Structure formats: structure tokens, C-alpha cells
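Consider the single chain below, provided in C-alpha cells and representing the form predicted alone.
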Amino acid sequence: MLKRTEDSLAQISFSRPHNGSLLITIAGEWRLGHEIPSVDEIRKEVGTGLQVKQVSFDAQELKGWDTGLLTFLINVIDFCSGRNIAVDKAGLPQGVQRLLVLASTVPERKDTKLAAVRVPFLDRVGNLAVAFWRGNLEMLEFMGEVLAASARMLAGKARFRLADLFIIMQECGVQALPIVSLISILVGLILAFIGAIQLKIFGAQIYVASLVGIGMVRALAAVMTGIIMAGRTGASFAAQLGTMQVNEEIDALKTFGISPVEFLVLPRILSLFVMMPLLTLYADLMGILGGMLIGVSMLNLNFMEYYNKTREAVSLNDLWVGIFSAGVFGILVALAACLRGIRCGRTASSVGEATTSAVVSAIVSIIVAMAIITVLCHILKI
């Protein structure tokens, strides 16, 4: 370990070449971590009674420096400015002079706090209305692009890779089976348990099979599967496309003359449109099995009794309504996710906002679509 000598210590000394002038001689190593003189020594020297009008420096004996010297000099300059004392930096090294100029180029403003601006109520309403209108225009534009891409696909002219389609179908189909199984069984259990509490009062426990069968096949399986896919696959689609937007990959596709809607959006819409009805059929089975567990274990129903009652209650119309609803939900989830992803901004926070917006939009769309389908089925007596 090297031992520091007295000559390497940071030192200052004072001299007065003529009246009204103070010369500060800087010597030694001026580095952070070393003991550096304080500005208080200069305050004492200036306050000795002799009026000082100018401060100059002599750095010929300076052996090394870093920001420790700059900090000391800035404090000296601030002190002299408060006393109306001129500072001559000519005796300092050129590097020190340039850094001092940079440090003093943009002085700190004392009124940097921004005043709080209160936006009038009508302005806020107007901004929301404009944003809503622009959002609707973007949605209609995107829907038009999707319809045009679908027409080109039917004509055999769409440009996307079948390998991508099969990979996406696997991601949103087979890989979603575990979570769909768990949720569907639990929904069937809950529905059967709630129905059993009421039906047991009247001795009509056998109708739990009808309640679970019709409820799962006609509506609940499709709705729950759609919500699961909105949170799982829809968020994934939005995040993927949003990240591609941030990385300018979508711009690269446009540069090569490839439509992003055909290459990226169309395979995702097709995948969810095909896989959602299949997942719904699987969810129907899992939900009925969940209800059967309650019926057999709590209501002392026979397995064949439960099966026969379910077969009597559930019709093909109920099955087709559920499958049709699942296909509609798949398209809505894919459209919401791809729209938010492909219209994403260029920042990381925009990707998070797009993902959140995609999930919320998809779930709201599913609930609204389910309400419309239910009303139409009632009108058509299906």
C-alpha cells in the first residue's frame, strides 16, 4: 500500500500581489477520497479586513485532479459571486476551465416548478369525445383491413405461413386445456352446489343435472372459455404485436410489401375462431362432470340417473347455440387483442397499456355479445 507524502496532499496558500487582489495557489493531489481544503479558509482570508476585488489562481504545483477540485472551485466562485468579487480562471488548467464553463452555462432556475393547470370541465369532456371518436375510426379502419384480408384469403391470395397458423392454434388450443379444465370443473361444481341447496328443499335433486347441463352447454362454458382466452391468449397476442411495433418489425413488414394484417392478424383470428368451439365442447364435458360429482356425492343420485336426465334436458339447439357463441367470442377476442397490439405506441409502457386494454375490451365484448345472442335466441325461439 502506497503511503502518501505531505507533498501529495491537497493544499492551498494565499498571497496578495497587489491591493484588492487575492492569489490562491493550488498544490498537490485534488481527488475525491482525499482530504480537500474547505472554502471556509477563503472566507477567513477575505474577511481579514483588506478589501478583495479579484480572486485569481495559480495551479503550477497541481499534480492531479478530478471532480473534487471542480466542486471546490464552484463553491469558491459561488462565494465570490455573493460578495461581488471577480474571479480570474486563467491560472487554472484548460480542462478545468472548460468544465467550469459547462457547469455555468445553464444556471439553475429558481422557478422551475410548473404551475398546476386546471383544465375546464368542458375541455375534458371534449377531449374524451374526440378520443372516443378517433378510437371508433381506428376500429372501423382495422375492421375494414381484416375484412379485405379475409376476402383475399378466401380467394387464395392472402400471404401468411401455415406453420405460424398451426403454432398459434397449438398455443391457444392444446396448451389452454389445463386452465380450461380447472375452471370448467369448478364452475360445474359451483352451479350444481347452488342448485342443490334450493332443489333439495322441494325434493327435486334430480333437476340439478338439467340445471348444470343446460347452463354449461348453452352459455356458461362458452362465456368462461372466452374470458379465459381473453386473459390468457388475448393478452399474449396484444403483447406480441405491441413488442413488434416497438421494435419496428411491423414497419419492416410494410417496407417489404407484406401486409401486417394478413401476416400477423389473420392467423390469430383463424386460430381462435377454430379452437374456441373445440375448447367449449371440452368445457361442456368438464362442467357436466363437475356437476355430476356434486350430484353423486351430495345428492345420492345414481350415475346413470344423472346421465339420462342430462341427455333429456340438453338438446342439439343448446349445443349449437353454445358452439356459435364460442366462435363469435373467439373472433371478438382476437380482434380486440390484435387491434390494441398493432395500434400500440413505441414505448414499453404502451405495451402494458395495450395488453390491459385488450383484455378489458375482449371481456366487455364477450358480455355484450352474449347478451345480444341471448335476446336473439329468445326472439327466434331457439
Partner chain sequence: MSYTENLEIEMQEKMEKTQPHIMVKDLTIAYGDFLIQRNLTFTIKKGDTFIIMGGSGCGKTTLLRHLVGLQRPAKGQVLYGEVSFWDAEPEERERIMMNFGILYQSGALWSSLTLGENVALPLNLYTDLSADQVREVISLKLSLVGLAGFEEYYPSELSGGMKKRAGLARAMVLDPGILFLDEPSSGLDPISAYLIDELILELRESLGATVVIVTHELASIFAVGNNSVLLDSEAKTMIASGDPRTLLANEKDPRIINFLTRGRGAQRE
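This one's a predicted model, so the numbers in the text were calculated from it and none came from an experiment. Numbering follows the first chain given and starts at 1.
Quick note: we don't show the form predicted together with the partner chain, though the next part is all about it.
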In the model of the complex, F263 touching the partner chain (heavy atom, 4.5 Å): yes
When the contact criterion is heavy atoms within 4.5 Å, does R159 count as touching the partner chain in the model of the complex? yes
Counting only non-hydrogen atoms and a 4.5 angstroms cut-off, does D251 reach the partner chain in the model of the complex? yes
L199: heavy atom within 4.5 Å of the partner chain in the model of the complex? no
What stretch, of 251-259, 130-138, 96-104, 211-219, brings heavy atoms to within 4.5 Å of the partner chain in the model of the complex? 251-259
Contact residue in the model of the complex, from N247, N84, Q175, N300 (heavy atom within 4.5 Å of the partner chain): N247
